[in-house]
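Only one chain is included here, represented as structure tokens and corresponding to the form predicted alone.
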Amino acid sequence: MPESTWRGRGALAVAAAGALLATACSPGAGPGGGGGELSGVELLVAAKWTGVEQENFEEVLAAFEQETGATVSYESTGEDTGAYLGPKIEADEPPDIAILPQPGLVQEYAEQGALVPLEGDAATALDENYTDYWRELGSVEGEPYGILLKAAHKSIIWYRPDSFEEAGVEPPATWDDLTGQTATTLSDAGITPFSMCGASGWTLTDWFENVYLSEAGPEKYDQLVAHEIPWTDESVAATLETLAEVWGEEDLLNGGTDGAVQTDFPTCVTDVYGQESAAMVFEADFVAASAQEAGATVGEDALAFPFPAVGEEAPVVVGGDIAVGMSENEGVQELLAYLASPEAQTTWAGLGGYLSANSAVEPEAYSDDFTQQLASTIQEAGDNVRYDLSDQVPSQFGATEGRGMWSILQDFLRDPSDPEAAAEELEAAASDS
């Protein structure tokens, strides 16, 4: 396998070992066969997951039930976790454990006194299984509250190998190769290089984060997250200027600028793998599911390569979901300790559609080569891996439709001629949030 390409052979397949474990630990098996140290304890866990994600998580919870005798119920928050939790916190009826999609919410709820710090085995499991960066991500003023339970790899560009073969190009290793040789050669061959997902503003923040992390470096990235440097810092304008090398080239974008701004996710994936109107689409590992829905086979006609290096190092940007305790009920700390364990996360890895930031989860736990490669890059990135910037800043700036980063980057995609003006708008919005 070339280092620049990850060939996912059935990225969403269920491993045989995982299937066997799922059978043994299915909800029908009952909590612990009637015994266990938490027999009679009832816990409620809330997360945004539905469908297969929910089913796989419930299999993980079932193993905890089997071992401890507790009964764990699951409730979906819907896409807006904050809207679900707000009224429950106000009524003093929160779930025992919530899975939060943004670190910003960890700080917000901790400051409200709505979270319970990790204690005992839960705190120990966090210390033993996670690096400093991931521990700090779920901490507020040095107090540990959250465990990064499920990760998303956001430094991937997906492509159609037949289009690359037709144009005679290879997956690029650097940004200059991507914007120069790869994109230009594809365009000269009559193949539109990029399908953009600009109508979904969060995808544009992912573009920005990858270029900024690689070009400005992790220290500047952290400073920007904390607003210790302004968005008018020259590094921000430099990244916007770099993005304009793609965003400002009509011929490189499917449907030109209008198409780039009007196409949402996952339509942008369908344009590559269903309509075959572009060669590449940038987004996270979860593109695999949309590519398959469009009729592609991941690992054959849907391949991916790492986001190319803009600076000295290629970026590794990770999103994900953080488990926090919201009650002091019996069993909460035990369940958090279990969720932070390599045993629980290895179970989930075997079921597919999952990535872990837990250092003790081996790559071999995943059901296919593609996911093993993704997991390895997260582990091997060390101090250079960073969490999604827009999910760390206040949500009204980084994660709200029609506002802040989403809106400003959409405007910049429409007209990327003035990076300094866009940086000033970003600074104004950040200061107001």
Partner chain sequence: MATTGEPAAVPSTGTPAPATTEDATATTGSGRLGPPPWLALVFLLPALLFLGAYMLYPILFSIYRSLWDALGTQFVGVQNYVELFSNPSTFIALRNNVIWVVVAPIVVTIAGLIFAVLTERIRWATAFKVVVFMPMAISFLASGVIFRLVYEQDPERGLANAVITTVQDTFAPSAAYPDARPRPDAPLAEAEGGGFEVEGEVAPGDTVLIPLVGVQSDELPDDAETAVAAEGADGTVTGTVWLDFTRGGGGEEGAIDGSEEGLPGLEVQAVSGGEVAATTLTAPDGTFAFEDLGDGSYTLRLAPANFTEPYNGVTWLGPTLITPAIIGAYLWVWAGFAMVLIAAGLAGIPRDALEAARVDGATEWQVFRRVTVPLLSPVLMVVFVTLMIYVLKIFDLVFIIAPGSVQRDANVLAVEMWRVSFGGGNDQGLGSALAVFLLLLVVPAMIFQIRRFRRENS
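Positions refer to the first chain, counted from 1. Please read all numbers here as calculations on a predicted model, not as lab measurements.
Just so it is clear, the following notes concern the form predicted together with its partner chain, a form of the same protein that is not shown.
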Tell me, yes or no, whether Asp177 is in contact with its partner chain in the predicted complex, where a contact means a heavy atom of each within 4.5 Å. no
Please tell me whether any heavy atom belonging to Gly120 falls inside 4.5 Å of a heavy atom of its partner chain, as the geometry stands in the predicted complex. no
Quick check on Gln396: any heavy atom within 4.5 Å of its partner chain in the predicted complex? yes
At 4.5 Å between heavy atoms, is Asp271 in contact with its partner chain in the predicted complex? yes
Which is the contacting stretch out of 345-353, 259-267, 71-79, 218-226, given heavy atoms within 4.5 Å of its partner chain in the predicted complex? 259-267
Here the chain is shown alone; which of Glu90, Glu143, Glu234, Glu313 has a heavy atom within 4.5 Å of its partner chain in the predicted complex? Glu90
Taking its partner chain in the predicted complex as the reference, which of Glu241, Glu334, Glu249, Glu108 has a non-hydrogen atom within 4.5 Å? Glu108
Could you pull out the residues of 388-427 that have any heavy atom within 4.5 Å of its partner chain in the predicted complex? Ser395, Gln396, Thr400, Glu401, Gly402, Arg403, Ser407, Gln410, Asp411, Arg414
